[in-house]
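Coming up is one lone chain in structure tokens, specifically the form predicted on its own.
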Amino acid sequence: MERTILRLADNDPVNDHLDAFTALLAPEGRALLDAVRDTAPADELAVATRLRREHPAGLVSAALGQARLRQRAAAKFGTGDAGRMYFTPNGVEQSTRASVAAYRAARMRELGIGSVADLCCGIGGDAIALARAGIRVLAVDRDPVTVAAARANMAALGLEDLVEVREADVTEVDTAGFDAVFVDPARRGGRGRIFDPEAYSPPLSWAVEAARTAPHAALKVAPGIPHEAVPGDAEAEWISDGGDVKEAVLWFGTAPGTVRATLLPGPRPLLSRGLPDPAVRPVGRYLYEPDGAVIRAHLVAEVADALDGGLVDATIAYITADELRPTPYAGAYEITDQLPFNLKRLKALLRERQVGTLTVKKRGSAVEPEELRRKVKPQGPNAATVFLTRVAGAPTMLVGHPAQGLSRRLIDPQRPEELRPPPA
């Protein structure tokens, strides 16, 4: 949800922004948006100069700005939707990726949810996914420009019959009669990301109380939320998409106390079984790098158990094992060399192996990948991966390459037996 400072002076910046945005929805504005759709950054000045001969300068600037936002939004919404939607700068930054929103909406549909109060709706990304899942939505935000963008998006995508967009303070909205509440608090301020859940807008404590008033609820929070901040009556889910951790969700009305990691595409869920931390053991032939959602959810032990593996260090989320086994929850690497941290020895080894393409991964090391590449100067036709980490407390370099055939093989989530070690 965006927070724009409201002023009551004659030159109200909110009204100025709203007028500029509204002008884009008029026929002249739409025509300009079509005209500048594929404008490259290097061509903007020339295009703006040409268009300002026939159109107001402010409208041309607004159209070019919207074109830039649409280009940025394509990574989240796809080129088809992004090319028809309307955005604000914060809206692009804070919107949920479409694939993640679609997964969450599908899960709500499976829970039998038919109506949702989407509080802090932003430009409507989550409302779009919910409506496409056949769920009726009340989308609420208090920023006038954001609300205008959300309304325009529902119209552009043909979802007006399922989504009502309302400008209001979410703390004053009556959610009675809805099957579920979805809250996506603002987690950015004037100085960037906000890490304290009570500094969200609205605060997490308010969102939790709002969730408890509905039969079901989902609260979107930052993936770095401390586990101790998760309410006992909530299910906590960490979601990654294509290997990138995108968000955590606190679910109410599902399975209190459950912790899960969900990997997209899929979905491929992994649930906590309350296992103790894996033992530390010597580095074996294979190293597994768990997905970020698995690590955030504290489910490394579940993956290590399925791989019959252990940790290279008690504080490092790298799993080592002697056998290569399929898992969707970690990338697998075959380790060829283990060295104490020594740049000269690493450089000599890479020169001997004729390694010119070097992938550097780090966990528990202060050395930056680009700094290491610059110092070892890899050259040659071969490729390798080096892990900068700790092994049993000692700074270590592990050299290897992605394991062939089984690395991050996608397992059917309906066949969990594939995640278990084969019988002896």
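On a predicted model such as this, the values are computed, not experimentally measured, just so you know. Don't overthink the numbering: it's just position in the shown sequence, from 1.
Same protein, other form: the form predicted in complex with a small molecule, not shown, and the subject of what follows.
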**Item:** Location of the small molecule contact in the predicted bound form, chosen stretch of 322-330, 92-100, 208-216, 297-305 [non-hydrogen atom, 4.5 Å]
**Value:** 92-100
**Item:** 4.5 Å heavy atom contact with the small molecule in the predicted bound form for all of 24, 29 and 54
**Value:** no
**Item:** Partner proximity in the predicted bound form: residue 255 to the small molecule, non-hydrogen atom cutoff 4.5 Å
**Value:** no
**Request:** Check whether residue 201 has any heavy atom within 4.5 Å of a heavy atom of the small molecule in the predicted bound form, and answer yes or no.
**Result:** yes
**Message:** Given that the small molecule is not shown alongside this chain, does residue 185 nevertheless sit within 4.5 Å of it in the predicted bound form, heavy atom to heavy atom?
**Reply:** yes
**Message:** Within 4.5 Å, heavy atoms only: does residue 168 come near the small molecule in the predicted bound form?
**Reply:** yes
**Message:** Only one of 181, 287, 121, 239 gets a heavy atom within 4.5 Å of the small molecule in the predicted bound form. Which one?
**Reply:** 121
